[in-house]
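This document opens with one chain alone, in structure tokens, the form predicted on its own.
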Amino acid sequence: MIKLQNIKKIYGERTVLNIDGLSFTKGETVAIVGPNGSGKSTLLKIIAGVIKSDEGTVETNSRMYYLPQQNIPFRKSVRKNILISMENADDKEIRCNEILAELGLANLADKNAKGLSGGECQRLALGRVLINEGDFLVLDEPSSAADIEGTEMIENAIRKYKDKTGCGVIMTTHSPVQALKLAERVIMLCDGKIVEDGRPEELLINPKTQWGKKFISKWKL
């Protein structure tokens, strides 16, 4: 489990995150949605331990793997980019080949990763996360650079990993449609605060708050 209490993050005079309490359970997929600047990425960075909150605590003994929005590949082949991220295992090559196939990168395995497109690079970055087994995946917009086919591969790979490991998934997305497809729970953020928290079929189809209704009205579900 991951438990956050009285979390605040402040930049200058602006409070970008202000959360009284929030918890995540292994085995559930949680999608965090909200407009740009709502605090989604900041929340994930605090959960993953990339940055510290100015106030409050994050309690966990879970093993997490974090995928940021911006990913820079190593100047190596696609295959070596994935293998270099893998921790000790007897079946490195087998698992690497599985990841390459799942993410549509098998035919690019020997290509220098610096020559990948934005969508290919994003799939590679996800592959470097999925190559290891953890308690939680913390994914910041995992398909933001992908086209329709790439997005489908990414979503299927996340599902398969969760089914295999029983992990929890915490992900941000600008797409309520994606949240409906993947998540059992949705958190809506606005100005760093939780506006709604509940099941996607309830919050994304019929939000409880006026802000939620206005936000969802801009999307076709």
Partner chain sequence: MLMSMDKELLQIIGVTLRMSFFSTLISCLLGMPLGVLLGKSSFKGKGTIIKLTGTFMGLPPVVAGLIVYMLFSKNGILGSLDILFTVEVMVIAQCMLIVPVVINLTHSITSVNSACLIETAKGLNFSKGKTAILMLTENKTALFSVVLSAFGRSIAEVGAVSLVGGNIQWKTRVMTTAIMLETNKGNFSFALALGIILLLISFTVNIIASFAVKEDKQ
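Here the structure is a predicted model, which means the values were calculated and not measured. Residue numbers count along the first chain shown, from 1.
One more form of this protein exists, namely the form predicted together with its partner chain; it is left out here, but the text below deals with it.
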Handout entry: Contact segment among 62 to 70, 170 to 178, 23 to 31, 189 to 197, judged by heavy atoms lying within 4.5 Å of its partner chain in the model of the complex
Key = 62 to 70
Practice task
Answer with yes or no whether residue 95 is in contact with its partner chain in the model of the complex, where contact means some heavy atom within 4.5 Å.
Solution key: no
Exercise for the section: Find out whether any non-hydrogen atom of residue 151 is located within 4.5 angstroms of its partner chain in the model of the complex, and reply yes or no. Expected result: no
Handout entry: Touches its partner chain in the model of the complex: residue 45 (any heavy atom, 4.5 Å)
Key = yes
Exercise for the section: Using a 4.5 Å heavy atom cut-off, state whether residue 50 contacts its partner chain in the model of the complex. Expected result: yes
Handout entry: Joint contact, 74, 84 and 110 to its partner chain in the model of the complex, by non-hydrogen atom at 4.5 Å
Key = yes
